[in-house]
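This document opens with one chain alone, in C-alpha cells, the form predicted alone.
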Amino acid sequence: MKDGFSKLTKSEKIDWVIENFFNSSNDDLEILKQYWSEDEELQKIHDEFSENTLTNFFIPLGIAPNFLIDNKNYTIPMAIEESSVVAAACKSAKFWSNRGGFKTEVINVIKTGQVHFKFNGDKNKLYEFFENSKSKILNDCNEISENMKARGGGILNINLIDKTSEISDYYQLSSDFNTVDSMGANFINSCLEQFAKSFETEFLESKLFDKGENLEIVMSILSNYVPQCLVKAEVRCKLNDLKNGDIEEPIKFARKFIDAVEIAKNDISRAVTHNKGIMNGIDAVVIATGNDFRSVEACAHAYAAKEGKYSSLTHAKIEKDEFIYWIEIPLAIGTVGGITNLHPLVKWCLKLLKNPNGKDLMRIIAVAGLAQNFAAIRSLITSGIQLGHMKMHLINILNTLSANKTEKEILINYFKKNKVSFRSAETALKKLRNDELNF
C-alpha cells in the first residue's frame, strides 16, 4: 500500500515505482524519460490531461488521403498502431473516389441522460406532481444552459419514465439534449444533477404525498447510448464499375460481399469481428480528434444489439444494377471542449479536416468506419485477410528480429513474392545473414 500517492510530485512517483517494481534500474527509468517532451510547457499540458502521469505513451498518427465525402476531398488523420488499418482506409478511399465517393446524412444529434430514483407511493400522484413541477425543474437550469442555448442547443425535453416493471419502485427523469459542437458530457451531467436537486426539493415541499410516500435519488448521469445521435454513410455504383484489381467478376463479388454482410447480421461470432473492423477505422479518427473512443465503442456495440440480437453495423444490397453499401451508427462526438482546444496534435488533426463542426466530424468518422469495413470484406472474399495484413506486419516482425536497415530493405523486397509469417521471416533473415537467401 502507498497512501497519498496522488499527492506526490511526478519525480517522487517515478522514484517510488522504479524502486518498488524495477529494482532501481536506470534502464527502466530512461525508458520513461525518453518519451518526455523537451518542451516543458507541452509536457506540462500532457501531464495534466490525466492523473498520476509518469510519461507519454506514443501511438502512431497516420493519414489516409483521397476521401471524397459529399463532393469534398478530405485527408483523414488516424491514430492507431496497426498499419494495415490505415492502408485499408487508403485503398477504400481511392477505390470509391473514382465511383462518386461517400455520401452522408446526419439523421439526428440528440443525446440523453437520466435521473434515476426510487419512489414507493402512488404513481398517479407522482405523475401529477411531475407535471406541476416540470417548468420549475427546467427553469432552475437556465443559468447552466444559457451558453448552450446561445450556440443553438440546450435542453430539449424532460419526461418521467415508469421503470417499476423492471425494478421495484424504480423511475427515471429522462431528458434529451442538443450539445451542438461539443460532446457535452459536463453540460448534460450538470443539468441532470440540478434536475435531481430541484425535483427532490419540490417533492419535500409538496402537500400531495402522504407521510409514508418517499422519494430517493439514486444517481444522475448521462447515457453513452445515443441511438438518436445518428449518422448514415453510403457508397453505391453500377455493378460493372466494381471491377478493379482483385475484383475480376463484379456481379459475383457483389453477391459474395452481401453474403458476408448477411453472415455478420446473423452469426454473433462473425458479427463481433466484423464490427471490430468497423471500429478500427472509427476509433482511430475518434482518438486523433480528441474524442472519447470508449463511449463511442460502447454505444456502437449496444446499437448493434438494439433488435435483441447482436448484428452487423453495416448493410449491403443489389438494387436493379447497382451495388449499395451503407452504415448507420450513433456517434456522440465534439469539436469543441474536452482536450480539443488543449492537445496540439488534436488541434492539428482538426485543422487537417478543415476545422469541421460536430455534424461534419460525425460524417467523416462514419465514412472511416465504412471504408475500413469495405476493405476488410473485400480482402476476406478475394485474396484472404492474411496476405495484406502480414505484408503490413512484416516490418514489426523484422524489428522484433533486430534486422538492420539494409536487411529490412532486402527482406521487404523478398517478401513481395513470398508468403509472410514470423517463421518465414526468421528463416529468411538467417539465410540472408549466411548468404543463403535466393530470390
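One rule holds for the numbers: they count along the sequence shown, beginning at 1. Keep in mind it's a predicted model, so treat the numbers as computed, not measured.
What comes next is about the form predicted together with a small molecule, which does not appear here.
Visitor: Scan 357, 157, 71, 273 and let me know which has any heavy atom within 4.5 Å of the small molecule in the predicted complex.
Guide: For this set of options, the contacting one is 273.
Visitor: Which listed residue (376, 394, 403, 64) meets the criterion of a heavy atom within 4.5 Å of the small molecule in the predicted complex?
Guide: None of the others qualify; the residue that does is 376.
Visitor: Please name which of the stretches 121-129, 108-116, 198-206, 274-282 has residues with heavy atoms lying within 4.5 Å of the small molecule in the predicted complex.
Guide: Stretch 274-282 is the one.
Visitor: Is there a non-hydrogen atom of residue 328 within 4.5 angstroms of a non-hydrogen atom of the small molecule in the predicted complex?
Guide: No, residue 328 is distant from the partner.
Visitor: Using heavy atoms and a 4.5 Å limit, would one call residue 381 a contact residue for the small molecule in the predicted complex?
Guide: Judged by the heavy-atom cut-off of 4.5 Å, residue 381 is well away from the small molecule in the predicted complex.
Visitor: Answer with yes or no whether residue 82 is in contact with the small molecule in the predicted complex, where contact means some heavy atom within 4.5 Å.
Guide: Contact with the small molecule, yes.
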